[in-house]
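Consider the single chain below, provided in structure tokens and representing the form predicted on its own.
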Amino acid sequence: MQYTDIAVIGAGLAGVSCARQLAAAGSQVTVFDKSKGMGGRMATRRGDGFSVDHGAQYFTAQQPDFHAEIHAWQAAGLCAPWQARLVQHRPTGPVDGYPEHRYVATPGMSSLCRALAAALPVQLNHRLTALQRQADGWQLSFADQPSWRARQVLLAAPAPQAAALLDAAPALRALAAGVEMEACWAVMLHAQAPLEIGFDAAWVEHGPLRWLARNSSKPGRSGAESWLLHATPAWSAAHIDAPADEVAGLLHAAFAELVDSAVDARNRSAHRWLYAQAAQPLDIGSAYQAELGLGLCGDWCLGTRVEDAWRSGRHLAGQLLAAS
């Protein structure tokens, strides 16, 4: 059985930012993730000649520390400003969207976490199924993988997934279980030809769509034109168990109707984000029980933004280091 001093569960931005801060302070930390790639909801789907960011679409900064971090990422070539023609699509038609500085990771949203975790030990394809309390820490049981031991475990996962692992920590379990997370269906379209519709992205205020974006308008992207469609939480919940092909067809048709244009696609696919974002996020930064060596972080601890995930991970690392 292998051992790590601190196990961080989740290789999205919250988990990576937490692990990086701990490693910089000299802690021995290992990151685990159930997926075959990194990034969590900062995700990019790649196909034959195209790619689509199908989770988080861009990030902005509200706090000075995240402003500074974005500038460091930009200097390192990890992100770039996205000068999108963005609109608010109202029932009466599109109007100019709210102006703000938007950034995207390059060459895809998933690339940021991979770059940030380059110096960290990362175990992919490790789905944590159980945590067992031991005298000197925790035993971590994984599906189809050997168990590990860790002195401390930090869960950087969506609230419902974290709650399911916290039988040994009732207070933390209740905290996570109290956070409802909304689903989101995402549809990816590989277009036959560029769409001449006058904008690159839109927040939609009517119908089944909430957001749409010309992914190929983002800096660092290559290949043919591609579009990403996100459904509203209500529509996603109503179609939560619908087949992916059916969802792709319905939202493709809604997109074509919205832009009043034929949208021919070489191919299309759908992905269901079961835990896309918190309906009512907490405002706690993170949660940590030093006596158990157990902590929680994630965007749901602060909000719904990429910035919130980054700040929550760092907040948890700070709590652990302060208690050491």
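Note that the structure is a prediction, hence the values are computed from the model and not measured. For every residue, the number given is its place in the sequence shown, counted from 1.
We do not show the form predicted in complex with a small molecule, though everything after this point is about it.
Asker: Tell me, yes or no, whether Arg268 is in contact with the small molecule in the predicted bound form, where a contact means a heavy atom of each within 4.5 Å.
Answerer: Looking in the predicted bound form, residue contacts with the small molecule do not include Arg268, since no heavy atom lies within 4.5 Å.
Asker: Is it the case that His89, even though its partner is missing from this view, gets within 4.5 Å of the small molecule in the predicted bound form, heavy atoms only?
Answerer: The answer is no: His89 has no heavy atom within 4.5 Å of the small molecule.
Asker: Gln289 versus the small molecule, in the predicted bound form: is there a non-hydrogen atom within 4.5 Å?
Answerer: No, Gln289 is distant from the partner.
Asker: When the contact criterion is heavy atoms within 4.5 Å, does Ala163 count as touching the small molecule in the predicted bound form?
Answerer: Output for Ala163 is no: heavy atoms all beyond 4.5 Å of the small molecule.
Asker: Just to confirm the contact call: exactly one of 168-176, 194-202, 238-246, 127-135 touches the small molecule in the predicted bound form at a 4.5 Å heavy atom cutoff, so which is it?
Answerer: Looking at the other structure, the answer is 127-135.
Asker: Quick one: from Gly293, Gly55, Pro281, Gly285, grab the residue that has a heavy atom within 4.5 Å of the small molecule in the predicted bound form.
Answerer: Only one option qualifies, and that one is Gly55.
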